[in-house]
Ligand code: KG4
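The data below hold one chain only, encoded as structure tokens and taken in the form predicted on its own.
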């Protein structure tokens, strides 16, 4: 089955072609350079850029896969969660493609697609049905979402933990701004941290009261502000004399990774699963991957790291999940052609 997938939930315009679980093409056009001057994604600008780019990105996907639109058998698009005006662009384009050709259409949840991406083989490689034991517990970490989920396959996803304030990726962006590093902050913090000492600053590991598996990063962010500028200092105040940006970055990164991995491992052990998976855009962070592998292994868990090509927002995960849902008898649903774009996940 040749599946066309479309993703436009934030600032990546993505179109992919997946056939029988094999990713034939995964075309992505990033908007990072356009949003960098604003220090974050501007929704209206992002939506306009999706509308301008989606046709060209689709053409690129078909060219890479050496396939024609007439060969597509199923169409899928992200419908939630995300920036609604951005979701509408990809959702409308994909539905029009499906309706014009009389093809079935599947509306996909972005968070479930991220978790399902852990099951995908490397681009162009056939899937190994015995590679992953389900159910598993997944740590999903991105710029807009941070949570831990139990996943038993398509349609069987249950949230175990979430952030009570900032997503981890959002915290990376905000701390990067405090340190004078450009947007997006995740890669910049990771690069700066490579030359720093992760034990230089004892940043806090927050534990929301009565919610032992949940995350909180707002206090950590405030602590970085006080450490680098002083108590009650303005965000635009100069850094204290002698403050090492590399050491702050490394210590901050270590604190975030410590909490993320610690809670995820605990959740996996409490669920009694054999596998802990790591997915989402922040899952490309080398320290997070290293720590998850180390601590998960020490706890007797098999650690599954999402392939880097599928960590950030992409359409391969959308197409692959849609195909899996069809094979499981969960899709297509008649309502999928009329469901509105939504900022809320079906899985949360």
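Positions refer to the first chain, counted from 1. Note that this is a predicted model, so its numbers are computed, not measured.
The same protein also has a form predicted in complex with the ligand, omitted here; what follows describes it.
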Candidate from 251, 163, 142, 80 lying within 4.5 Å of the ligand in the predicted bound form - any heavy atom: 142
Proximity to the ligand in the predicted bound form, single hit among 282, 320, 306, 61 (heavy atom within 4.5 Å): 282
Exercise: residue 187 in contact with the ligand in the predicted bound form, heavy atom 4.5 Å: yes
Partner proximity in the predicted bound form: residue 109 to the ligand, non-hydrogen atom cutoff 4.5 Å: no
Residue 311 within 4.5 Å of the ligand in the predicted bound form, heavy atoms: yes
Close approach of residue 169 to the ligand in the predicted bound form, 4.5 Å, heavy atom: yes
Location of the ligand contact in the predicted bound form, chosen stretch of 52-60, 311-319, 66-74, 292-300 [non-hydrogen atom, 4.5 Å]: 311-319
Residues within 4.5 Å of the ligand in the predicted bound form, restricted to 1-15 and counted by heavy atom: 12
